[in-house]
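Quick heads-up: it's one chain on its own, the form predicted on its own, in C-alpha cells.
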C-alpha cells in the first residue's frame, strides 16, 4: 500500500512539475528561447503572492487575480524591450541575458526579503484530503495542482488550435521571416508568448508558495525540474509536459520511499535513463 500511495502522490506532484514545464515548453516552441531565468520567475511569482497576501489579506488563490496579470505584464515588457533584440541565429546572446536576469532576480529578492525561507498560508486546503478507499487519501491541494495543470494544457491547446493568436504563434515558430511578410509583428507575438508563459509561471509560483517553503535561491532547482519534465515528455508536446511531470514526480516519490535522501536523485536518474533510451522524449512532436 505504501508503494501505491507513493505512486498516486507522485502523479499528483507531476501536476506541479507540468506547470513548471508548460511555460518553458511554450517559449521554446514559439521563439526557440531557452529561458535560464524561468525557475527564478516561478520564485518571483511566489514572492509576489506573498506580498499581495500580506498586504491585502487575500487568500493566495484569490491573489492570483492580481499576481497573474502583473507577472504577464512584467514579462511582456521584458520580452518586448530586453529579450527581443537578442533573438536571432546566435543562441548565446539570449542565454547570457536570461542568465543575467536569473542573477538579478535572485539578488534582488535576497536584498528585499533576506535569505530566510518563506511560505504562504492558504488555510484548510493545505491539510484537507479526500478518501478514495483502501487506505488511500488524496490531498485537496495536490488535486488542485493536477487539475490546474490539465486546465492550463487544455487552454494552451485551445489557444494554439482555435485562436488567431495561436495561429500567429505557429506561423512565427515555423518561419519568422515569412510571418513578417504576412504582416505579423514578431516582436508583439514573442512578447505575447512570454506574457502567456508568465501567467502559467505565476500559477506555478502560487502553488509552490502554498505547498512548500521557498527562498531566493530555490529558482534553479525549479528550472531543472521544468527542463527534465519537458525533455522526458518530448519537445513541442504540451501533453508530453504533463506526462514528463508525472514520470518525474513518481520517480521522486518512489525514491523518497526507499530513502528520503534519494528523492531528487531518483528523478535525475530516471531523466538520464529516458534520455538514453528515448533521446526525443516519450511523446515528441511529429513534424512533417
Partner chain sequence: MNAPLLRIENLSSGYADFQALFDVSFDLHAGEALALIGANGAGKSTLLKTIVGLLPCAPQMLVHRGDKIGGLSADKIVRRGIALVPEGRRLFRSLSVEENLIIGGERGRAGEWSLERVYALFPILREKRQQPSTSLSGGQQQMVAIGRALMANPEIILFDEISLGLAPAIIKDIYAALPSITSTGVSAILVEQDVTRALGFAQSFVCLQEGRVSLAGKPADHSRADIVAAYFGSH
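Numbering follows the first chain given and starts at 1. These numbers were taken from a predicted model, which means no experiment stands behind them.
FYI, the form predicted together with its partner chain isn't displayed, but the following is about it.
In the predicted bound form, no heavy atom of residue 144 sits within 4.5 Å of its partner chain. Within this chain, residue 184 lines the site of its partner chain in the predicted bound form, having a heavy atom no more than 4.5 Å away.
Taking the partner from elsewhere, residue 167 is found to have a heavy atom lying within 4.5 Å of its partner chain in the predicted bound form. Interface membership of residue 180, defined by any non-hydrogen atom within 4.5 Å of its partner chain in the predicted bound form, is confirmed. In plain terms, the part of the chain that comes close to its partner chain in the predicted bound form, with a heavy atom within 4.5 Å, is 172-180 out of 119-127, 204-212, 67-75, 172-180. Shown here without its partner chain, the chain has no residue in 16-39 lying with a heavy atom within 4.5 Å of that partner in the predicted bound form.
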